[in-house]
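Read the single chain below, which is given as structure tokens and is the form predicted on its own.
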């Protein structure tokens, strides 16, 4: 379970998170939506421990990771896999070396790591690409390789940073299908950040809207679709409908 309580983070005078409260139950898929600058990326970096909060807590299975030392944090991070927005592959490594990167660093033998890498590549629908270089792959294939790397060590929690950004609708939906399949096959807890509402509705058990550093609404996909909250309605329809008030402030 992921429990976020009163999470606050500033960078100089810029307060990005203003007391975020969010719980993700074990095995659930949570999607955090919000516009650019809303704090989504900062939030996900706190979940995996890449950033430490100014105030508040991030609990992973009951452990507050914001208080851990580097060695303890490393052990917690082994629960995680992450698909980065641009896949973040190493251009100088082959596909299988990218997928098996963490396995090789942990001391696994090259032959064994390649077997695991090929198994994970097949799981995301890629065959006979293990010896290719990332530059030889399409954008959608690189995303799949990134996902194969994220699941190489059988994580308990998968994080997705804008998983469909830069893809055409057909490729984007194939990534959505893979995310759903990973949850069903591996029984993982998932957290995705996105501004793609089609993707959010497809992959989420619950959706939370982050605005100006706060969660302003959380609910099931149907509850979000049918919300009466004007701020959320504007975001999901992509249309401006006049000023919005949040805690007495007009936007």
Partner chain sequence: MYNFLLALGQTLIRFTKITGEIVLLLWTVLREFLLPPYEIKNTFKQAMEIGIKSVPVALVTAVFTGMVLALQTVTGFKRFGAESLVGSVVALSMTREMGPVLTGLVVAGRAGAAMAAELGTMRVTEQIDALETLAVKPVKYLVTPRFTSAIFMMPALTILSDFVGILGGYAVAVWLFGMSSVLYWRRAWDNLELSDIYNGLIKAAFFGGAVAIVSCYKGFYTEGGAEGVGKATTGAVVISFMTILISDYFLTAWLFK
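Note that the rigid core is defined as the largest set of C-alphas that superpose within 1.5 Å between two forms. Residue numbers count along the first chain shown, from 1. Nothing here was measured: the structure is a model prediction, and the numbers come from that model.
Although it is not shown, the form predicted together with its partner chain is what the next lines describe.
Here the chain stands alone, but in the predicted complex its contact with its partner chain, taken as any heavy atom within 4.5 Å, falls in 69-77 among 69-77, 114-122, 164-172, 177-185. Checked against its partner chain in the predicted complex, the candidates 108, 93, 141, 129 yield a single residue with a heavy atom inside 4.5 Å, and that residue is 93. In the predicted complex, its partner chain sits within 4.5 Å of a heavy atom belonging to residue 45.
At a distance threshold of 4.5 angstroms between non-hydrogen atoms, residue 102 is in contact with its partner chain in the predicted complex. When contacts are judged by a 4.5 Å heavy atom cut-off, residue 55 does not count as touching its partner chain in the predicted complex.
Put simply, residue 82 is close to its partner chain in the predicted complex: some heavy atom of it is within 4.5 Å. Taking the partner from elsewhere, no residue among 16, 40 and 231 has a non-hydrogen atom within 4.5 angstroms of its partner chain in the predicted complex. Of all the residues from 151-175, the single one having a non-hydrogen atom no more than 4.5 Å from its partner chain in the predicted complex is 153.
Once the rigid core is overlaid between this form and the one not shown, residue 94 counts among the residues whose Cα shifts by 2 Å or more. The Cα position of residue 77 differs by less than 2 Å between this form and the one not shown after fitting on the rigid core. Taking the rigid core as fixed, one finds a CA shift for residue 172 smaller than 2 Å between this form and the one not shown.
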